[in-house]
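One chain is shown next in structure tokens, namely the form predicted on its own.
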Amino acid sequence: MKRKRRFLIVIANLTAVLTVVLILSPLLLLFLNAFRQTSEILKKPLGLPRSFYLGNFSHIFARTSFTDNLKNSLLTTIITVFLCLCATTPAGYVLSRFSFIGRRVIIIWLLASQAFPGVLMAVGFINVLKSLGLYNTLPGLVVLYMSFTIPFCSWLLKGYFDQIPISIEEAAMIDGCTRARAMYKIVIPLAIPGLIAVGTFAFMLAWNEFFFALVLLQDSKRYTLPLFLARFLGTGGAVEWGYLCAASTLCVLPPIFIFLAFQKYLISGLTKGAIK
């Protein structure tokens, strides 16, 4: 019996290791090709670098608009995350703690809004932004991203606030706290994992989004990093693989660091927020 159990454990561990290797292999290949010249990559796409060639990175920083596009992405992403947290925290709290007419309809609509592909609303979004004078601007892109993040994140935080006992707030209000003070001093600190999950979701959406940035932004000086990466696709389908891998490596590092730093809170926030 013990031998059979040990055998099953070994098989499970080997399967898990194999799965991780398969998942991470494209990322590893990206990192390795970032240090190879395009000619070398074309000759042997799956080969190892003969020497660590840094010319791809020097070209990215010296001869392209990577720095400006990085600033655009950082600015857009940080503002989106900040505004998303400011809007969805009170929204999720109200939906969790108060009963009012139309509350159930609002909650259902928050979920239903995620069922429609954003591309269906592209024309409407662009027309609205043009009428507001936000077309071809980074603030317009932030407004667009907010329309995607607020519904889902409000629902997610509502579910997380449901897990926090209301008796804690009631005890604080008995001791003299107002509801607003109890919220900001007691509930929000307890909801930090949920807030991190929401912030991470908003960050990933704003950092990686390509289609709406391509449609909205016409000036290359306002491009974000996903649009910058598309520049390496040349005429006739030719791709500068060395430069593209180097730039892609720089682009994926921030999400990786954020996930590694907050994975504990992220998993907790997503699981608790999804359970009613």
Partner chain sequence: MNSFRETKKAFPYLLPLIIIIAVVSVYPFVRGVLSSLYGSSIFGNAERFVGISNFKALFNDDLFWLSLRNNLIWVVCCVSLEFVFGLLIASLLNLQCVKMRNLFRALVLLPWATPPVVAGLVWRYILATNGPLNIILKTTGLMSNPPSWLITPGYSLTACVVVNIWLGLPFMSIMLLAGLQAIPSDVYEAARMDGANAFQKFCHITMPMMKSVIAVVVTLMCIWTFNTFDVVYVLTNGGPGNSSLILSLYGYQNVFAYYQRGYGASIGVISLLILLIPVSMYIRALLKEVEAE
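Numbering follows the first chain given and starts at 1. Remember, predicted model here, so these are calculated numbers, not experimental data.
One more form of this protein exists, namely the form predicted together with its partner chain; it is left out here, but the text below deals with it.
- Remark: residue 176 does not count among the residues lining its partner chain in the predicted complex, judged by a heavy atom distance of 4.5 Å or less.
- Contact between residue 154 and its partner chain in the predicted complex is found at the 4.5 Å heavy atom cutoff.
- Using a 4.5 Å cutoff between non-hydrogen atoms, residue 56 does not count as a contact of its partner chain in the predicted complex.
- When its partner chain is considered in the predicted complex, residue 62 lies well away from it, no heavy atom lying within 4.5 Å.
- Of the candidates 172, 85, 79, 94, 94 is the one whose heavy atoms come within 4.5 Å of its partner chain in the predicted complex; the others do not.
- Note on the partner interface in the predicted complex: the residue among 207, 223, 35, 66 having a heavy atom within 4.5 angstroms of its partner chain is 207.
- Contact residues in stretch 102-129 (any heavy atom within 4.5 Å of its partner chain, taken in the predicted complex) are 103, 104, 106, 107, 108, 109, 110, 111, 112, 113, 114, 115, 116, 117, 119, 120, 121, 122, 123, 124, 125, 126, 127, 128.
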